[in-house]
Ligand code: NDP
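Quick heads-up: it's one chain on its own, the form predicted on its own, in structure tokens.
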Amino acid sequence: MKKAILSGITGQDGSYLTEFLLDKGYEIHGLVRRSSQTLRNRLDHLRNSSLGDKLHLHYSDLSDTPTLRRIFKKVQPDEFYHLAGQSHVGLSFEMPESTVKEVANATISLLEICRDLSKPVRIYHAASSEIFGKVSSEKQDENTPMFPTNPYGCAKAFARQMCQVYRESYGMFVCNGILYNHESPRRGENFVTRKITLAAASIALGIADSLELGNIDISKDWGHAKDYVVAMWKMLQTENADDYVIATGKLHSLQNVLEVAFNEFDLNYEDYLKINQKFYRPAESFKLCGNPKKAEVHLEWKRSYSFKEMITEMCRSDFKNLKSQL
């Protein structure tokens, strides 16, 4: 039985990855902060299932290196998936120092802990398309120059390069997954896609009458989180560690998200949308679109969700949950 440690296990990606790994027979050890108690509902169905005895949660903070070191030494994992850290681009402008500490500094500490383990561990690091930022190419791949435009992207760019340093200098098995935007019904409510699907469902149920957004003149490469966690696992099953772009290769505008979400309830988003300048960011990463060819060829990775299917699933989930609360 393989053992895996997951940081960020209570998040969207962490919960889907935990499901996936448990189905494959893994023993899972998740790192959680005490403050994340309210977010563990994403794991409740697993903890209460027949697989619950293979899921273990450990209290620790990303800045608590001594506790993290004890956990890793005790578990002696075969694989480590580093998913944790402040991941909201907008918030990174409001809290740049803590974002850098959680995203950049914590990654170095975890790499050092793994380097000192008596048994080699395969490491997945969650990089981000935000490392590219001000792009100079229509589609970005693993060799595209990094030019981040926000504190989160800068911290992720640093963390990605440190993972490469540890891989090349110490021979450690470290993979960077350069993931583009990925969504699901488990996406946090402060992210724009979930904000839109929640608003559409709320308006359809008569419990809201408008939706406020900032700049809607942006396009992103949006995929489903369920598909992307499969790519994470596949990276750690390869013979040699490497970096991979995980994306759909297709751009969709924020207007596309609005159209699909509101059309699900036979509504016109233009009747309810209000633009509010307070939601504008100091700088935006425009038209980030990934080229996933390397992952498709070398990992034999395939997507199963279309853009419309993903947004529709989110809408229906939000509608069902909201309706049950009425």
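When you see a residue number, it is the position in the sequence shown, counting from 1. Computed from a predicted model, the values in this text were never measured in an experiment.
Note that the form predicted in complex with the ligand isn't included here; everything after this is about it.
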| property | result |
| --- | --- |
| Listed residue that, although the ligand is not shown, lies within 4.5 Å of it in the model of the complex (heavy atoms), from D61, E296, E27, E259 | D61 |
| Option touching the ligand, based on a heavy atom within 4.5 Å in the model of the complex, out of R187, K226, K139, R167 | R187 |
| Complete contact of D13, A84 and L179 with the ligand in the model of the complex (any heavy atom, 4.5 Å) | yes |
| Residue stretch of 236-244, 203-211, 111-119, 149-157 approaching the ligand in the model of the complex, non-hydrogen atom distance within 4.5 Å | 149-157 |
| Interface membership of E79, the ligand in the model of the complex, 4.5 Å heavy atom rule | no |
| 4.5 angstroms heavy atom contact with the ligand in the model of the complex for A199 | no |
| is_contact(M314, the ligand) in the model of the complex, heavy atom dist at most 4.5 Å | no |
| The ligand contact in the model of the complex: M310, any heavy atom under 4.5 Å | no |
| Interface residues of 114-146 toward the ligand, as seen in the model of the complex [heavy atoms, 4.5 Å] | A126, A127, S128 |
